[in-house]
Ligand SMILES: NC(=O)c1ccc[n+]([C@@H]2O[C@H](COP(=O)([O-])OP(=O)(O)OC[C@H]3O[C@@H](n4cnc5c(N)ncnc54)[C@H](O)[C@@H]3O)[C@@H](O)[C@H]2O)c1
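First, one chain by itself: the form predicted on its own, in structure tokens.
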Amino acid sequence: MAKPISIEVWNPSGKYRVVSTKSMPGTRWIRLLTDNDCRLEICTEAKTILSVDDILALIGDRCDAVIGQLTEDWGEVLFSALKRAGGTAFSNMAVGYNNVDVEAANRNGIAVGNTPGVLTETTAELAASLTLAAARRIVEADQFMRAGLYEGWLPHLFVGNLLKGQTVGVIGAGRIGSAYARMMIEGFKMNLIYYDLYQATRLEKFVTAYGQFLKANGEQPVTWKRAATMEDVLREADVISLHPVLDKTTYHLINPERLAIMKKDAVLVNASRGPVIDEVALVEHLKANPMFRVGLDVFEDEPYMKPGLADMKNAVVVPHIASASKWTREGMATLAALNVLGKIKGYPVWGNPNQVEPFLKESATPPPACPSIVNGMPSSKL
């Protein structure tokens, strides 16, 4: 017999049973579900990551939908259990869904939702923060101060990298990569080199216009270049920020060979997906090149770091907090709830999952739609 799972229940008499495997920020997502006749059960187990057995116990014999997390393994076992319980929808509280077997969901007739459209600026800001922290050795200096080691100003104390006038390299110039590039260009007057399979026309126009503005005001204009190869970015850039999707072609995108062609004092930032960097190779590179610095929000074997990484003073590491602004996390919770509610209610899919502002207005009734369904169910479109 399965061990009982502790839960918090909202609207006990609701017609539709919705389970959330974690408590999520804000209260609007709760109101949206309970105001629409949903009985909401929120798991309150003191576990960072729930097991498949834990989630099976939460689903039980009758469940219309589940809101889950990217740390959970959603495959055939869970989707078939959800189907048997009468469920039709699952939504990750995340834009990514590497933890979801979409084919298994399709076989069981389960719509899979995600939450794009609210992470762009927040993630770009975190990447910019990691860039600054690594370039100016903020974490090292903070630890030095807290240890009581500061005895007075010295010419060589924590000398780092000036960003103004240097070159920022972006690999993957989609929404987040472009937002990051704009922050670095407009904030620090950096030049841009980027690599993407698709031309980032809007980003190019922005850099051109900003360069003309600077020139008209007597300053050195910024420039942009679309690189023919990723290696061109790695060779030329002083700062490289990674923003690709994670698939077979981007696994260990940064490997020993590509690390070797980067500048010895370059700054490498990753707020995308951990496995795009060969973390073992990165540790060796950091050891051999003390002026090379890295800022990481994600890790290859999350939540673990490869041996030696935690000891590297030239690494800034944070625990996957790129989306951790209040507005974004509450927005993600809202979108996840509306994905499953929309499926329960038989609503169509929203036309553009990256333009979700109508769903996020606190004082307005959300559109009758699923904000983002990744596997084509329901099939109707607004």
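All residue numbers are counted from 1 along the displayed sequence. Quick caveat: nothing in here was measured; it's all calculated off a predicted structure.
There is also a form predicted in complex with the named molecule; it is not shown, and the following applies to it.
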property: The named molecule in the predicted bound form: contacted by all of Q143, M305 and M312, heavy atom 4.5 Å; result: no
property: Proximity to the named molecule in the predicted bound form, single hit among A81, L259, L132, V298 (heavy atom within 4.5 Å); result: V298
property: Contact assignment for the named molecule in the predicted bound form, among D196, E125, D101, D238, heavy atom within 4.5 Å; result: D196
property: is_contact(T249, the named molecule) in the predicted bound form, heavy atom dist at most 4.5 Å; result: yes
property: Proximity of I59 to the named molecule in the predicted bound form, heavy atoms at 4.5 Å; result: no
property: Interface membership of A281, the named molecule in the predicted bound form, 4.5 Å heavy atom rule; result: no
property: S323 within 4.5 Å of the named molecule in the predicted bound form, heavy atoms; result: yes
property: Segment that reaches the named molecule in the predicted bound form - one of 174-182, 160-168, 104-112, 206-214, heavy atoms within 4.5 Å; result: 174-182
property: Heavy atom contacts to the named molecule in the predicted bound form at 4.5 Å, residues of 59-82 in sequence order; result: none
